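One chain is shown next in structure tokens, namely the form predicted alone.
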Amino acid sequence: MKACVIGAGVAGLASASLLLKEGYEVDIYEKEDMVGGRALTIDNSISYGDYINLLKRFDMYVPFAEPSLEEIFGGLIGGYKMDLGFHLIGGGENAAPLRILSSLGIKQEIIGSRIGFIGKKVDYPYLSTLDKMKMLPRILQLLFSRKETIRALESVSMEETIKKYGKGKMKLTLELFPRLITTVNDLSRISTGETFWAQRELMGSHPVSYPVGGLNSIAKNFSSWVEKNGGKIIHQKVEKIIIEGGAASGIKVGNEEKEYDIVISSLPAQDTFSIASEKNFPEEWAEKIKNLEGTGSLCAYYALNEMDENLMGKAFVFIERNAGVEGNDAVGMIDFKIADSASGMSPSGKYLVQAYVICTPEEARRRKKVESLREIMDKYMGKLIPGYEKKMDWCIYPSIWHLDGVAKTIDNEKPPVSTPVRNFFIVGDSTNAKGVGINCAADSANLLMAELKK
């Protein structure tokens, strides 16, 4: 069986790996000259112009930078590595991409931590032993409910769940973590069931982790295994998917048509019709796919020349009340894992800190809105490191309106990996796989294999 995978992001590479493992012949087509998709790590080898072009291709821009981007890429960035956009991995060693890599015999090194909270004072970890004891009966009841029970909660909003169970610290917990899990601020849109599916992925001693060497190291590990095991990564753009008699039969690349038994697209689901003719799909399905909504955020990368050792390797969340965003309150995170020298992301004696605050894709596009979000992020950074500005060499604030392929909300249901066209599948964080971001992207490869085995 010959399989074509379109896109060499985490979802495409994970799918190709599992297909090869099952004996498929696999070709991956990637239009960029690098692998990883949005899970991309850049260094001082990239020029200012290339960085700007890269941002445009991935639905991003940089509204603010100190000093200017030209100055930063003119030499200040030397020795640093920086991801395209903020993204930790939930679940540590239990995360979907790490489990798949492990099944291939690859150990991905990570830096993991628990989560702290920036409130009137800074608490690390966020939940004390006493908090856990008070909340444990309810958390266990929810986390270890039968699958049918959680499915029934998929249409129940987190807002409703908070009204029923939200008291004391449990209320704050249910306000914080569903937002972080879904990258959505509006609790009335967040599915309780989906949140608890994802929460199961975050059990263990390292709820959040970061891959040593940068986010792109995951993609590089996958791509190395693919090529060592007979897969091909072809850096060409797929012009269209050939669909005949209701089934995908191949692709067109340049002026050449190539036959395949199955075709898998890892593009954002909304971009499906850029390579597949819409007329081949039921109208209702096509309209739903075209109207799927992604997630947005304003990110920050602070490059510091001094660091409090007590912060190293930790992650802290915050919630800004009445922030003027959809959902009213805005949740974000400031993470110090890439400040750890073990991450390999900063030169000796320097420290890179990453942060983000959640917003909608529309809000991420509006400069006035992201300006207020920047002020929020900087305020909480200042609570962790008073006077951090005096210790800062530079800072870049990327704004992104496609952080995750599809927002995991009640009114924006993610599609399955199978499509109405036979032999054509979609994978990535646009699908109804478990988790968010990279976890969802990798887990979609597992769903693909389950569909093919039916």
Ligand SMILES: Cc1cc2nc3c(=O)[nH]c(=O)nc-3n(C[C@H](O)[C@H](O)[C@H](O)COP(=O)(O)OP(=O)(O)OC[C@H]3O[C@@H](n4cnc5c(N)ncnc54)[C@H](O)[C@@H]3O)c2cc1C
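None of the values given here were measured: they were computed from a predicted structure. The numbering used is simple: start at 1 and walk along the sequence shown.
Omitted here: the form predicted in complex with the ligand. The next part is about that form.
Taking a 4.5 Å heavy atom cutoff to the ligand in the predicted bound form, the contact residue among Asp43, Asp50, Glu413, Glu32 is Glu32. When the ligand is considered in the predicted bound form, Ala445 lies well away from it, no heavy atom lying within 4.5 Å. Tyr351 falls outside the set of residues with a heavy atom inside 4.5 Å of the ligand in the predicted bound form. Residue contact check for Lys408: none of its heavy atoms lie within 4.5 Å of the ligand in the predicted bound form. Using a 4.5 Å cutoff between non-hydrogen atoms, Leu403 counts as a contact of the ligand in the predicted bound form. With the partner omitted here, the stretch from 361 to 369, 266 to 274, 71 to 79, 336 to 344 that lies within 4.5 Å of the ligand by heavy atoms in the predicted bound form is 266 to 274.
The candidate spot formed by Ala300, Val331 and Leu373 lies out of contact with the ligand in the predicted bound form, as no residue has a heavy atom within 4.5 Å of it.
Taking the ligand as positioned in the predicted bound form, the residues of 80 to 103 that bring a heavy atom within 4.5 Å of it are, in sequence order, Leu84, Gly85, Phe86, His87, Leu88.
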